[in-house]
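In the form predicted alone, a lone chain appears below as structure tokens.
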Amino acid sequence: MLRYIARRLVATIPVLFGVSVLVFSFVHLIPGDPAVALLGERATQENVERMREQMGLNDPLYVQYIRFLIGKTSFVAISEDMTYTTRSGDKCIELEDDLVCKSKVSDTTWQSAQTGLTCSRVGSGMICHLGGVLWGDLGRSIHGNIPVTLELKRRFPATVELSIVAMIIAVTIGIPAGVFSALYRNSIIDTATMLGALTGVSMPIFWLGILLMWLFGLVLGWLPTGSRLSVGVELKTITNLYILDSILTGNGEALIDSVKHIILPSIALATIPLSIIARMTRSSMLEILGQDYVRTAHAKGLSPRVVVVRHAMRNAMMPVVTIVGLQIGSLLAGAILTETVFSWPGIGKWVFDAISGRDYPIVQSVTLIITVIFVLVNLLVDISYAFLNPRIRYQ
């Protein structure tokens, strides 16, 4: 099992590399100029060219890609007489008119507070880098010059929370609906379930979101239509997952308010995966219920509940688990539309604004993060097969 997991993790490296190349190429080849988007349509050509030069957009694409991947990286030989202690007690080194000081978190990491240059001690020297995805630095946004990593840490939990709630809704409703639809095939329950599933798949997220906002927010006034918390509700954040933080801090007011805010966007986001899970569950259950061992279990006198739960559902869940894993990526992608409609402060709205403003670092970084999550979720799905079906062994 461990060897299989290690092989799969190693196999993700070329996948991530290929995705990074494709995303980088597509983003830079779409119409539009970040310099024009930053300066405005009335900017002179001279100012636009100067801005493009500062942003490195005049360099060849492969040079820009290498800079995005590894940043500015160099090896610097360091001797002990080059280090000194400042008045504040920090141990520092001057590198090319930049003051790089020892990190208080790690003994082997040095960093500049001014330029963001980071150095790691290796033997008698240091590997210094400025930016670069491979070093965990996703760069800075074009608009606002904000570190992408910091903004991602602030926004990503909102998208994760929305996706988790949406997936819980999709699984808890979709699987039972598919099971009952299979058990009562060609009945009113089956027809209603499949009609609802077909409708759910067919409805665009943005249209459903606007409809939910209009009905439950404006007409009935039951639920809020945007943001994560109401004005005036205070919450001490620990994980930035508002529902979890409300529970951890014992803040009942924030818990109720955060649940109310997440209901409408999570329902809109869960509709499509719910429908797909219900249809797949029904199809898988119908196939399993027709197997010989299920008929044998009935012939032995086992109760229908035991036959369905212990014998049929466990084997029927394998394709359903695969679909659930695939829907994780769809939820993260669908969150862009959902968060835009509901003004949800996650990565979806952030990426939408970044695409409109041709903010390359944000689009590239978020796409890579979603790809990593998608690959890891599918790895977990593959591993779960061995628990659902003991006959499966990973050699």
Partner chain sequence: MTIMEKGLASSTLARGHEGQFRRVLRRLLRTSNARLGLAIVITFLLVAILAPIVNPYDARRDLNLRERLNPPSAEHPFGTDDLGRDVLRRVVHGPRVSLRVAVLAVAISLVVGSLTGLIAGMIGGVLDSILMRLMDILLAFPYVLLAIALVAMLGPGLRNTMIAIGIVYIPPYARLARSMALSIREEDFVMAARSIGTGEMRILFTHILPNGLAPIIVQATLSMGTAVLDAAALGFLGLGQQPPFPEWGKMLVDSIQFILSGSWWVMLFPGLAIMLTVLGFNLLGDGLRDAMDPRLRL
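Each form is matched to the other, and the largest set of C-alpha atoms that superpose within 1.5 Å is called the rigid core. Residue numbers count along the first chain shown, from 1. Everything quoted here is computed from the prediction, not taken from an experiment.
Beyond the structure shown, there is the form predicted in complex with its partner chain, which is absent from this document and is the topic of what follows.
Trainee: Mind checking whether each of 62, 133 and 322 has a heavy atom within 4.5 Å of its partner chain in the model of the complex?
Mentor: Checking in the model of the complex: none of 62, 133 and 322 is within 4.5 Å of its partner chain.
Trainee: Is there a non-hydrogen atom of residue 282 within 4.5 angstroms of a non-hydrogen atom of its partner chain in the model of the complex?
Mentor: Yes, residue 282 lies within 4.5 Å of its partner chain in the model of the complex.
Trainee: Is residue 293 part of the interface with its partner chain in the model of the complex - any heavy atom within 4.5 Å?
Mentor: Heavy-atom contact with its partner chain at 4.5 Å: absent for residue 293.
Trainee: Using 4.5 Å between non-hydrogen atoms, is residue 358 touching its partner chain in the model of the complex?
Mentor: Residue 358: yes, in contact with its partner chain in the model of the complex.
Trainee: So in the model of the complex, is its partner chain close enough to residue 222 to count as touching (4.5 Å, heavy atoms)?
Mentor: Answer no; every heavy atom of residue 222 is more than 4.5 Å from its partner chain in the model of the complex.
Trainee: Heavy atoms, 4.5 Å, its partner chain in the model of the complex: which of 246-254, 199-207, 154-162, 69-77 makes the cut? Say which one.
Mentor: Partner-contacting stretch among the options: 199-207.
Trainee: State the residue from 183, 213, 229, 142 whose non-hydrogen atoms include one within 4.5 Å of its partner chain in the model of the complex.
Mentor: Looking at the other structure, the residue within range turns out to be 213.
Trainee: If we fit on the core, is the Cα of residue 68 displaced 2 Å or more between this form and the one not shown?
Mentor: Yes, because once the rigid core is superposed, the C-alpha of residue 68 moves 2 Å or more between this form and the one not shown.
Trainee: Does residue 326 count as moved between this form and the one not shown, where moved means a C-alpha shift of 2 angstroms or more after fitting the rigid core?
Mentor: No.
Trainee: Residue 27 and residue 349: their C-alpha distance differs by 3 angstroms or more in the model of the complex. Do they come closer or move farther apart compared with the shown form?
Mentor: Compared with the shown chain, residue 27-residue 349 is farther in the model of the complex.
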